[in-house]
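Shown below, as structure tokens, is a lone chain in the form predicted alone; questions about how it binds or moves come after it.
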């Protein structure tokens, strides 16, 4: 299990429950230098976006292989972590590698906000 202050996605059922309704951001990674700052960004934004569920997932777990890592939106990703933004069962954004707080906020505000049409990207 990842050592973050985020709640963890540990089963395929957890993943399905989280991603089918509402807004969820899942950071799929390891406890490494590119991932730890992204976990910190998500932890710092969690209270500012109470309608979004922020979670982490172990990159090397069987659950990640069956879910996040199987998504077409991450097929060409090479850097960790994979961060995937879901809204009502659809991927509205996906990024790889380190992301700043400003970059994450831009995605949250433009693609996860109520009343917006979002495209995967």
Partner chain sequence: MEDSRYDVIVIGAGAAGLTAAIYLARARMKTLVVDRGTPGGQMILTYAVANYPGIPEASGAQIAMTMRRQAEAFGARILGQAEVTRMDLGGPWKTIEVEDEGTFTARSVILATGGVPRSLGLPSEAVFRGRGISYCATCDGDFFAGQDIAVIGGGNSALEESVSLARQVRSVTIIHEFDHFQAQAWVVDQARREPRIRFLMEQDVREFVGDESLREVVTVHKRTGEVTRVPATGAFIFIGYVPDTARFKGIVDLDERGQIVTDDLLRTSVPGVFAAGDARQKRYRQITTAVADGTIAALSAIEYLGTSGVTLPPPPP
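None of these values were measured; they are calculated from a predicted model. Positions refer to the first chain, counted from 1.
Same protein, other form: the form predicted in complex with the partner chain, not shown, and the subject of what follows.
Handout entry: Contacting member of 64, 41, 52, 92, with respect to the partner chain in the predicted complex [4.5 Å, heavy atom]
Key = Comparing distances to the partner chain in the predicted complex, the residue within 4.5 Å is 41.
Handout entry: 34, 59 and 105 each touching the partner chain in the predicted complex (heavy atom, 4.5 Å)
Key = Verified in the predicted complex; spot residues all in contact, yes.
Problem - Exercise: residue 82 in contact with the partner chain in the predicted complex, heavy atom 4.5 Å - result: Close contact exists here: in the predicted complex, residue 82 approaches the partner chain to within 4.5 Å, heavy atoms only.
Practice task
Please check if residue 11 has a heavy atom lying within 4.5 Å of any heavy atom of the partner chain in the predicted complex.
Solution key: No, residue 11 stays farther than 4.5 Å from the partner chain in the predicted complex.
Practice task
Answer yes if any heavy atom of residue 77 is within 4.5 Å of a heavy atom of the partner chain in the predicted complex; otherwise answer no.
Solution key: Judged by the heavy-atom cut-off of 4.5 Å, residue 77 is in contact with the partner chain in the predicted complex.
Handout entry: Residues of stretch 80 to 104 in contact with the partner chain in the predicted complex (4.5 Å, non-hydrogen atom)
Key = Going through 80 to 104 in order - heavy atoms within 4.5 Å of the partner chain in the predicted complex - the hits are 80, 82, 96, 97, 101.
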